[in-house]
Structures are given as C-alpha cells and as structure tokens.
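Coming up is one lone chain in structure tokens, specifically the form predicted alone.
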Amino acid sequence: MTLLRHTHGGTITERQALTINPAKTCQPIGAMYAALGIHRCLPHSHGSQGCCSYHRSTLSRHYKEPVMAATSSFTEGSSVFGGQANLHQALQTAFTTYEPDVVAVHTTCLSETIGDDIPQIVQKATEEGLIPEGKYVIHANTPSYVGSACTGFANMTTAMVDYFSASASPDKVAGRINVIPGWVEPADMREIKRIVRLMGLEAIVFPDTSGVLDCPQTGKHELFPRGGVTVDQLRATGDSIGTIALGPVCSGPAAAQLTTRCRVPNTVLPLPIGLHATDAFIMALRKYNGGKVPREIADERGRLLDLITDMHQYFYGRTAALWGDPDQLASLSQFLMTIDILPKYVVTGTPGTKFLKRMGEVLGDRKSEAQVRQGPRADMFLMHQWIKNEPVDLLIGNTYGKYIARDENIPFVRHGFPLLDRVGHQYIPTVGYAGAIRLLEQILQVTLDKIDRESPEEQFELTL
C-alpha cells in the first residue's frame, strides 16, 4: 500500500526494460489448468520443485480446491546434465503409485533453457516399459520467459489435438460439435455445455474443468474427480461436424490444428461474455441445429435486456479500467460498451499482435477516448499512473487490483485469474445471458454501494 501511494501521475515515462506488477501469469499455470480438464490426468511440471509448488498453490488458492500435479524436481545435476533421468523416475512413480490415465508434461524455464527434448525422453520411457499399456503421456512446451498463462493453456490444448484427435470415418457425425471453451471458470464450462444441450446438440468440450475444480463436498478426497473430457472423447473430436473455439488466443490454435489434422471446420468466436458475444455463440450453434433457438434461451436473453433497460441510468456515461487476459478483456469491453460504460484503460501483459486491432473494433468511434496497451510494459503500474492522472468509475480485473481500488476509492468487480481473496467465482458463471446478468448485478452492487456510502444525509435514499 505504501508503494502504491508513491505512484505518481503527470508525465508517464515509457519504460524499455522494466515491468512492474505484470498484468499476466506464466505459461505453465495455463498448461496445468488445461491438463486438469482431462479426466484422470496428472499434470507434470518438468523443472524444479519450486516452480510446480508455485503453480499448484496459485491454482489452489484461486479455485479453493487441492490441485494435484507432479514434478521432475530438478537439482543442480539435472540442470547441468539434463532432466531425462528425473522425468523417467517421475513417470514410473506416477503410473505405479497414482495410476492416472494421462500424464500431461509441460516444460518450465529451466528445462527449456537446457534444451530437454521431451518427445525423445518419452519415447525412451516407452521403450523401457515405464509407460503402462493403455496409458498416455502428452507434452507442451511452455517456458515462462515467453507468452503467458493464455499461451500455455493454448499450447496444452493444442497438444490434446496432436496426441489424441483422430478421424475414424470420412463422414462426420451430424449434431455433434467440439467446443473449446478457453480459459474460463469451471462454472462457465458447465454453462457452455448447458447452452449447447438446450440448443439440441451434443458437444465435446475440451478441456473441461467442471466436475474437477468445483467438486461437491463428499467428505472423501478423490485424486481424480469425475469431471474432465475423456481420452475417448478427445479421439472422437476428429469426427465431429465442426469446432467452435471461444477466444482466439486460448482456443484458436487448437481449433486450427484440429482442422489441419482431421479436416474439422472451425469457427473462432469471442468468449461469450455479454449480450453480443453470446448472440454470436448462439448464432454459430444455430448453423448445426437447423436454426432453432429454444424458448428458455430466448427468455434468458430477454431478462438480460430487461435488466440493462431498467438499470441504464446507473451505467450511462461511466468509465472503467480493465486488466487481464486478452480474450476476456475483449468480450468484457464489448459488454461495457453495450451498456454505455467506456473501457477507458485496458492492459494485458500477454504478448501478441491482434489484440489491439480487436479492441479498436470493440471501441469503434470512441477508441480515441481510450488507452489500450499490450505486452511486457502493459502492467499494473502503468494502469495506476493512468488512473492517477484521470480517475475512472469502475475497476474490473483480478485480485491484484484491490490495492488500486483501495488507494483510489474506486468500485471494484473481481474477474479473471487469479482471484485470491474471494470465494464463489468457480461456481457462478459469467458467460452466456445468465452470466451477463450476474456481471451486471456485480457492477450495480459496487456502484450503488459507493453511492450509498458517500451520499450526504439529506440524499441518503431508501430506494435508488
């Protein structure tokens, strides 16, 4: 807090080689989260024990569930001579002790820097009989010094296609689609499956952390919960009639690879957060179900529109600052524009070239009124400097924004990853029309709470 109060406004100096409080997390966390979306999968961190501990603890603190993962536990010797022996021992221990169906290996900075060849190591482990019959080892390259958790998620999801997807027949299965949900909460994946089911379609959702990181309390710990996409389902993705990828950064690469590998046509859409992005998702589903939209979904959309209409007076003309993952930021910003809140400041530490163009399309003729930044120096320090110069009415982002919210007395809606100081986000969706209603309720709560808190006695009203 003391450090934040020393953040200065005024002229902002462009930094060339310094990031302060980055607006991203590292690749292996995304890869580990994606791997947990496979049924009976044990994520494996090929690197030091400290890396794995950090990734596990961050995921556990966000989802409030024990996250199981293995590690190659590099020592000084492994760092010099390579980690093959460590990974072989780890695979043998994992399959004999924990009996997973899949071990999903992701690399770290250390193993990438020394140049470990994971496919070669796994091939040798197979030859030596360390991988039992009917068990699988997949891998993704995820050094922390490039990309972010989003690209780590994308790389591991693409690995699922590379290792499992196959086409058993030249004829595709009518009425069955693949949905790649992107990095969203388990509740969001559950909601996506509900929407597809209501539209009369069968969906293979991968990865799928619903039923894995939002498990009911039964009094008994299960190392491998009931949820997750199965290996058989992953194999069947090659025979689906189409793929819908939700989020170009997290889901687009796997969808493109599935098209290349199995000739399954794909459609890449924004994450279905808010009115228009959910409309696009529903319209894409209509192409596969004969054009029908069930009454239940139409009613949910109508309730969302009713809430927007009733509460528009509290949204109109306000400004917001957002940070986090590019797929989420683009859809959240579009939703804010729908309700006449301007996303005035938007930052993401995830590198790339297309996010700025996407945000330009979202902002339209108001893009000159907003500041959008992407890359290493797009960090929370820059965000705070902008806010010091010209405050906003609302903050939306992960837990790391709470210091700015307190320092500047700005209403704060927690969204994204990680959320370390609240509970319930893994159970309540923010995708779809119902999820948009939830988001609006959160925005209204924090906005009206501030009005109540700061209004003078003569203006303190029972009904707003």
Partner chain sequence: MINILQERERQVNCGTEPFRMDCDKHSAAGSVSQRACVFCGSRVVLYPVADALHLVHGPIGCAAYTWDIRGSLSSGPELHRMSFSTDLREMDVIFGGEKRLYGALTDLIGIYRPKAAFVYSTCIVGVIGDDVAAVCKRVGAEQQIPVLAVHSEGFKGTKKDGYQAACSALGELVGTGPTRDIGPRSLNVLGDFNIAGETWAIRRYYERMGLQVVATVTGDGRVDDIRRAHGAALNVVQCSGAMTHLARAMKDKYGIPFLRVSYFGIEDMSKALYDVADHFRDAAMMERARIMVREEVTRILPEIRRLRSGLEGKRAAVYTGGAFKAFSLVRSLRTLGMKTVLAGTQTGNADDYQALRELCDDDTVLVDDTNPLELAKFIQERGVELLIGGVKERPVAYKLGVGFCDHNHERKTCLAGFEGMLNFAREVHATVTSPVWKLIRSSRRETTAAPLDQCGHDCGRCTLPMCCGAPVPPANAVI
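Positions refer to the first chain, counted from 1. Since we're looking at a predicted model, the values are computed, not measured.
Absent from the display: the form predicted in complex with the partner chain. The rest refers to it.
Exactly one listed residue, out of I410, M68, L439, L419, brings a non-hydrogen atom to within 4.5 Å of the partner chain in the predicted bound form: M68. Just one of T218, T353, Q120, T309 comes within 4.5 Å of the partner chain in the predicted bound form, counting any heavy atom, and that one is T218. The partner chain is not drawn, but in the predicted bound form it has a heavy atom within 4.5 Å of Y145. In the predicted bound form, no heavy atom of K450 sits within 4.5 Å of the partner chain. Interface residue remark: E296 is not counted as part of the site for the partner chain in the predicted bound form, having no heavy atom within 4.5 Å. Within this chain, R56 lines the site of the partner chain in the predicted bound form, having a heavy atom no more than 4.5 Å away.
Heavy atoms within 4.5 Å of the partner chain in the predicted bound form are found in exactly one of 92 to 100, 262 to 270, 156 to 164, 246 to 254, that being 92 to 100. Looking at 427 to 442, no residue comes within 4.5 Å of the partner chain in the predicted bound form, counting any heavy atom.
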